[in-house]
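A single chain, nothing else alongside it, follows as structure tokens in the form predicted on its own.
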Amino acid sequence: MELLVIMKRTLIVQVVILFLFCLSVPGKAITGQDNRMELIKVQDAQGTTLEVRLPVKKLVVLTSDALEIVRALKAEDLVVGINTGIVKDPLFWPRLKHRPAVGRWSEPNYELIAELNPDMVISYARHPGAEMEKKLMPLGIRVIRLDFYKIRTLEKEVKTLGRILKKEKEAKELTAWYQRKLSWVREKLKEVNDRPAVYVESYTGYHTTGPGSGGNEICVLAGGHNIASNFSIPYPQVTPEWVLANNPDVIIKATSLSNCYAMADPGPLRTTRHRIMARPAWDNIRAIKEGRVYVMAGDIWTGPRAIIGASYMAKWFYPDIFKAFDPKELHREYLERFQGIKYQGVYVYPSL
């Protein structure tokens, strides 16, 4: 009997020791590799430092710009929710078109997002508003605001998303590609002093692009002098007379036409150009006289493919310097290498 009592006491002591040992070991050693959690700090597009819990296994991506980067990082399998605009462009998004839609990029349905129970939602810096955090953060859903539509911040944001998604290698490959292409354009233009005066019109008539806008950014990168560069706001509205008085050498018009990837006929872009050239009294503008009026689809205007838009501008501004360069081939390389889809569509008019 005494021996039995001693054995029971020994067993109890061993259990207690084992229990205390388990308490002293980090949770990841107990729960195993698949459930290990890690906290990292990242900075979003607003400059706010956020704490993110890894791994991220489920994503709702509200913007097409962010979705393009997610796909470039080979992380599209993590996407469980998209905006309603994605399903309208099925050829460009063949593997994502059937993912659940959670509303417009600027007005998502928070109940639908909650039903999908993602770890994270990616949106633009300014839209939707702060109500998104108020509705989703209490549910344990982290909101990350990254823009991906400005060339000057694109590299930083790609690296940030690469860390979040554990895709650092893919992020490094993408940013290195951007750096090489941008450096090549800058090298070509380093001796240029006489820059053409450019009127850049955004999607809405007579709304130009000032400092802080993507349109201004790619114009300057391409070696143009934006005649709206002295404005204090990104998208100022101007008058026809103001453009006439500034007499630009080149006019660039952005269009918000959808499904340019599926477009085979440049007709809609041609019509936009004809309307620009037919504006009253604009036949006195140098760009109109010389036929240097170009229309560019929004697909390559801003966002991850803004480098394509900048390349077309450089070709238009300096046809002799970039005589042997075809921006279409740059676009083809990007789509096939980083998006996993073939090149097709119409994005500019006139074509090169």
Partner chain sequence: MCIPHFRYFYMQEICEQYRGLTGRKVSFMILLVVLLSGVGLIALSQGASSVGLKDSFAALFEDSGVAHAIVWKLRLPRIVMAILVGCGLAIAGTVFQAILRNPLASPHTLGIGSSAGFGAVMAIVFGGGLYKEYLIAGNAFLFALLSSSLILGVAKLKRSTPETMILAGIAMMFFFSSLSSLFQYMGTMEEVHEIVFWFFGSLSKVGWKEISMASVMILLPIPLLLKWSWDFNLLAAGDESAKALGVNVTRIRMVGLVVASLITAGAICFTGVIGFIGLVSPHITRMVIGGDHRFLLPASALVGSVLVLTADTLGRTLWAPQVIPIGIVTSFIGVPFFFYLLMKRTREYW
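Residue numbers count along the first chain shown, from 1. Given the structure is predicted, the values throughout are model-derived calculations rather than measurements.
The same protein also exists as the form predicted together with its partner chain; that form is not shown, yet it is the one meant from here on.
*Partner proximity in the predicted complex: Gly205 to its partner chain, non-hydrogen atom cutoff 4.5 Å*: Result yes; Gly205 sits at the interface with its partner chain in the predicted complex.
*Answer yes if any heavy atom of Tyr178 is within 4.5 Å of a heavy atom of its partner chain in the predicted complex; otherwise answer no.*
Output for Tyr178 is no: heavy atoms all beyond 4.5 Å of its partner chain.
*Glu107 near its partner chain in the predicted complex, any heavy atom under 4.5 Å?*
Because a heavy atom of Glu107 falls inside 4.5 Å of its partner chain in the predicted complex, the answer is yes.
_Just checking whether Arg126 would be counted as a contact of its partner chain in the predicted complex - the rule being heavy atoms within 4.5 angstroms._
Heavy-atom contact with its partner chain at 4.5 Å: absent for Arg126.
_Contact residue in the predicted complex, from Ala262, Val192, Leu112, Ala281 (heavy atom within 4.5 Å of its partner chain)_ = Exactly one listed residue reaches within 4.5 Å, namely Ala281.
*Only one of Glu187, Asp77, Glu131, Glu241 has a non-hydrogen atom within 4.5 angstroms of its partner chain in the predicted complex; which is it?*
Selected residue: Glu241.
*asked:* For its partner chain, considered in the predicted complex: do all three of Ile233, Gln237 and Arg275 come within 4.5 Å of it, counting heavy atoms only?
replied: All three within 4.5 Å in the predicted complex.
_Looking at 148-156, 243-251, 68-76, 168-176, which stretch has residues with any non-hydrogen atom within 4.5 Å of its partner chain in the predicted complex?_
Among the candidates, contact is made by 243-251.
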